[in-house]
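Just the one chain here, the form predicted on its own, laid out as C-alpha cells.
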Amino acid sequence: MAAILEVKNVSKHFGGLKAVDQVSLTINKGEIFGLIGPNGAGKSTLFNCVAGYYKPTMGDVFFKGEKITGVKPWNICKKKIGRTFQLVKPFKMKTVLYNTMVGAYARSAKPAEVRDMALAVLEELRLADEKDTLAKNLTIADRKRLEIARAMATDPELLLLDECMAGLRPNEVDEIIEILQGIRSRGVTIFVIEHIMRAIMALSDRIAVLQFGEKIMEGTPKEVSQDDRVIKAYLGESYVIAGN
C-alpha cells in the first residue's frame, strides 16, 4: 500500500514540556488509523503538527511524499487534508447549510457550486433535513456530525477526526461509525483520535498508542488490546476482562 501520511520523529515542546516526543507513524491510503492514549498524552498536539497549527520542534510530516512541516493550516486544507476539532464550535446563528458551505469554499468560489457540494455532504452525513436549522438548535450528536460535514466539504483525501464521538449515546456512536465506514469506502483515508474503545476498535485497521508524548505501541486492534503496556497505561484490566 502507498503511504498517504508519514510522521517522522516528530517532537513538539512547550518550554520544558515534551508534549510529543519523537513519534513516527505511517498511514496508508484508504485505511482508518486510530490514535489512543490517556488525557494529556499528546494526541491533539500531534494532530496540530500534522494540520499546521503547530510547527514541530523537531521532525517532519509528509503528505503524499511532499514535506508539509510548518505549512500553514489553510494551505494544508488546500492540499486536501481536512480536520475536526475536539471542541465543536459552529457558527451558532447560521444554518447547517451555511456552516457546511464555509468548508466547501476551500474548493470553489462559485456560490452555486459550493451550495451543491455542501448539500451532497449533508446528505452523506444524514443532516439534509436539518439544512435550514440554526446550528445553535442542534443536538450534541448533530453538532458532531456538522463538524464532520464541514471538514468533508473541503473534499479531503485525508480526514483527521479529534474525538468526534465524545459525549454521544451508544446508538449515536453506532451511526457515526456507519457514516465513517461509508466515507472510507469511497476512498477517504481517516486518522482518528477517540476514547470510546468499542468505536475505535471497530473502526480501525491499525492503532497507535501514546503515553506521555511517546508512542508505546502500534498494531491491529487485537494486538493493541492485548498488549501489557497498553493495558497498564490506558485500557485497564477491566477492559480486558469485559472484552473476553
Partner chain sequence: MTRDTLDRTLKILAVLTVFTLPLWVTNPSYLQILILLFWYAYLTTSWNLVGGWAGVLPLGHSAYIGIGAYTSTILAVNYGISPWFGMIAGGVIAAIVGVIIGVPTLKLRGAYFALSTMAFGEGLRVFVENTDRLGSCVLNGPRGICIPLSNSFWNFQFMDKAPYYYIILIMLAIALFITWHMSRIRIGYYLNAGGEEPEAAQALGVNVAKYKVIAMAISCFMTALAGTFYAQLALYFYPKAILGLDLSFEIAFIALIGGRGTLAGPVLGALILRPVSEFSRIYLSSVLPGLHLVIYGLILILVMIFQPRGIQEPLTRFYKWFLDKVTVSRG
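These numbers were taken from a predicted model, which means no experiment stands behind them. Residue numbers count along the first chain shown, from 1.
What follows is about the form predicted together with its partner chain, which we do not show.
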| item | value |
| --- | --- |
| Interface stretch in the model of the complex with its partner chain - options 180 to 188, 204 to 212, 66 to 74, 34 to 42, non-hydrogen atom within 4.5 Å | 66 to 74 |
| Contact check for Lys89, Lys92 and Ala106 against its partner chain in the model of the complex, heavy atom at 4.5 Å | yes |
| Single option in Leu138, Val102, Ala166, Ala120 placed near its partner chain in the model of the complex, where near means a heavy atom within 4.5 Å | Val102 |
| Ala151: touches its partner chain in the model of the complex, heavy atom cutoff 4.5 angstroms | yes |
| Touches its partner chain in the model of the complex: Tyr53 (any heavy atom, 4.5 Å) | yes |
| Exercise: Lys144 in contact with its partner chain in the model of the complex, heavy atom 4.5 Å | no |
| 4.5 Å heavy atom contact, Pro111 and its partner chain in the model of the complex | yes |
